[in-house]
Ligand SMILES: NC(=O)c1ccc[n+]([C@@H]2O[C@H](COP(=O)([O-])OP(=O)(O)OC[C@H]3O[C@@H](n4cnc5c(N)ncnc54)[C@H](O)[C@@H]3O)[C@@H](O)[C@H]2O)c1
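One chain is shown next in structure tokens, namely the form predicted alone.
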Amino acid sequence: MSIAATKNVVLSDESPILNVAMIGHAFMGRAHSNAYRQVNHFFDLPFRVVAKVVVGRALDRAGAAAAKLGFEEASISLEEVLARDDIDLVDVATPNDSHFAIAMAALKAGKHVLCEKPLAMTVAEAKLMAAEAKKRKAKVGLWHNYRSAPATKLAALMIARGDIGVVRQVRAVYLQDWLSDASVPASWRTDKKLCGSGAHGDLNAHLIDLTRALTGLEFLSVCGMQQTFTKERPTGKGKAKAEVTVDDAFCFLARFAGGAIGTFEATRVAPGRKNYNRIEISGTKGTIIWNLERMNELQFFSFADQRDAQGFRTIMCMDSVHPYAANWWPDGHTVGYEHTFVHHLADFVSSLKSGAAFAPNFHDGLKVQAVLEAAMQSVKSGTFVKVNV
């Protein structure tokens, strides 16, 4: 049953179906597919999510992925899949250079779309995608899953209700080490034609989106610098090597509407750091810190505490009063990285029935793209560059 046929339906035990076609089946495809398998087991939703078909470039690999990831079918024809009336939602889980073409085709075919980040390769592409989604009145979203951890969702609530006062500074870092060794082979993530940028688009995109989600602040201008430490990498084909055409590390300063300032650092060459995604937000009354490597915790300082008892304290965000937590395990039993995708999907599916806005949508993706692009322009100019959308 299509989404269009389920509007205003009173749900019974046999909920209407939401059939999903996922394009791509590598790392992010694995993460997304787990969410499709789990979401109805832990959340009461208006649709029964069905992992219907995986689309890949080779039928044998797509078929193997479908079997392993829990999809009913495999295909190598995006056109045929988009033409099917039984496909409701298209998930774009491919490298960055294909997001625009696939998402636009899916929107024109009348599908709802979830897309990996960053949304596009350029601001110009992102504008067209956001405009097409608005024109088609499609429900669209980006897989910025770090918005959907219990702790980050709580942090956003705390900041919005004034627990840290007026935001003054943001300090955000995303540190990994998997490209520290020069012998690590080249991939699509080291080729600018396929990904647009390196650590910047891969990791800073998350920091930019998370900052907007937690603080509600908009970026006004940025000034960045980047470095590529390993200029070429083995291709995996004999002694052949490929030029690295993206950054290994990218840092930038930011000015926000309202007068706040921020520092951002993304790197894939920080030995010992595996997935160190940390954001610290300071206000006039206190500070909140979140770190993905301790994702169920918030560090919180408040001047409102008695002077002799002031200091950072840890909030364990796995109590039934915390966002999403009541859907899982008893209080204090932690959730992990994969659960953020389940939460994100649950919110998206719920919004299909309720009509509530879902974030991040393609307009949010455009906002992130504008910051990424302005920071890259500032590297060339050596000055602050205004963020224009």
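Start at 1 and count along the sequence shown; that's the residue number. What you see is a predicted model; the values in this text were computed from it and never measured.
A second form of this protein, the form predicted together with the named molecule, is not displayed here; the remarks below concern that form.
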query	finding
Interface residue in the predicted complex among Trp143, Phe264, Phe71, Trp290, criterion: non-hydrogen atom within 4.5 angstroms of the named molecule	Trp143
Contact assignment for the named molecule in the predicted complex, among Gly224, Gly196, Pro118, Pro150, heavy atom within 4.5 Å	Pro118
Region of this chain that lies against the named molecule in the predicted complex, out of 320-328, 38-46, 347-355, 24-32 [heavy atom, 4.5 Å]	24-32
Partner contact for Asp88 in the predicted complex: the named molecule, 4.5 angstroms, heavy atom	no
Exercise: His99 in contact with the named molecule in the predicted complex, heavy atom 4.5 Å	yes
4.5 Å heavy atom contact, Phe362 and the named molecule in the predicted complex	no
The named molecule contact in the predicted complex: Pro95, any heavy atom under 4.5 Å	yes
Sequence-ordered residues of 57-86 touching the named molecule in the predicted complex, heavy atom within 4.5 Å	Arg57, Arg61
